[in-house]
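Below you will find one chain, with nothing else, as structure tokens; this is the form predicted on its own, and questions on how it binds or moves follow later.
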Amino acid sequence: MNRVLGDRRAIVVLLGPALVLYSLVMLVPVVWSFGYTAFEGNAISGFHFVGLDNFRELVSDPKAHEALWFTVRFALVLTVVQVGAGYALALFYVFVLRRRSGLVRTLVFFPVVIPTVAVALLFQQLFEVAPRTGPVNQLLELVGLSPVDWFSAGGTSFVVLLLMETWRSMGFYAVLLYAGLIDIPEEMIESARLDGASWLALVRHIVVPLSLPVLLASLVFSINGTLKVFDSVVALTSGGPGSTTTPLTLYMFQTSFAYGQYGYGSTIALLLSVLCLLVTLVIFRSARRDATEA
């Protein structure tokens, strides 16, 4: 094996095909898309070089600002909620249910495998106000409150989207974080308990530091996934009412494929890519600084 790893020709022969395939599938489309940012038009009308005009339009476009604000707000709130709920469930599996958590984990993970459209239809029925009243509004009426038209305003639509995405994804993060928690040595936890450590001190000083790598990976997965949210928004609200729940991905899709502005759509895609990279770098640098200080 050492002879093979020391032979440059063998390394090129073994890794070359994979690198060429990866470049063709991943890198070339990215570079191609970046090149479109300097053009306007489409395959039918033709492409015209416009330099930095697409970036100037992005800076002054109020719809892009609204989509960016919704995307960032949705990603931050949903990441905190779904990773927090998943971590709480993982702690519940480890410290309360222990070996009897298999059935609960299966039930909580089940929404992850349901198609997005089916989940969206389910939540439309749950929060329906007309032509018939859904279970949520029936519950409000039961406690003496007026029914709410959840999909008629941006704020209430935002809440329903958050609930739907949290229900769908918290099982995934619970199972992912559970895999990190079971690696913590049981002897260490028992020693801390014998020393009189409270449950809160146990979690703060032992569980969270030792599960930090998995927690960090969950945050990166979550923030990148929610920044690129598309299918659930299209299935539940179609970006409405108006454009109050339109994320950058949906605005990019509408710009590129509904209006045929591939150059401007690629500029929005570039903004989203830079945003994902910046958020990921900030999370990793913050975690590295915390580890160094610890």
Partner chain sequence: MSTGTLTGTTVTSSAAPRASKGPRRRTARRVLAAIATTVLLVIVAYPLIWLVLGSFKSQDEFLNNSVFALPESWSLDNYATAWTEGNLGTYIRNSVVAVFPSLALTIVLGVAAAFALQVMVWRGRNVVLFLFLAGIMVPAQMILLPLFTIYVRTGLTGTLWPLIITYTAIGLPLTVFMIATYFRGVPREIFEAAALDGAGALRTFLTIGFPLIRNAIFTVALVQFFFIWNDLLIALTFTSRDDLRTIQVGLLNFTGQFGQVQYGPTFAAISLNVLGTLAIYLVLNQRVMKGLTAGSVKG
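Numbering follows the first chain given and starts at 1. Definition used throughout: the rigid core is the maximal C-alpha set that superposes within 1.5 Å between two forms. Here the structure is a predicted model, which is why all the values come from computation and not from measurement.
The protein also exists as the form predicted together with the partner chain; that form is not presented, and the subsequent description refers to it.
Picking from 67-75, 154-162, 220-228, 181-189 the stretch near the partner chain in the predicted complex, with a 4.5 Å limit on heavy atoms, gives 220-228. Proximity of A38 to the partner chain in the predicted complex: non-hydrogen atoms within 4.5 Å are absent; the residue sits far from the partner.
At least one heavy atom of P29 is located within 4.5 Å of the partner chain in the predicted complex. Residue contact with the partner chain in the predicted complex: L14 places a heavy atom within 4.5 Å of it. Among residues of the shown chain, S146 is not one whose heavy atoms approach the partner chain to within 4.5 Å in the predicted complex. Distance criterion of 4.5 Å from any heavy atom to the partner chain in the predicted complex singles out L176 from the list V83, V207, L176, L91.
Although the partner chain is not shown here, in the predicted complex the stretch 8-25 places heavy atoms of A10, I11, V13, L14, L15, P17, A18, L19, L21, Y22, V25 within 4.5 Å of it, in sequence order. For L52, a C-alpha deviation below 2 angstroms is recorded between the shown form and the other one after rigid-core alignment.
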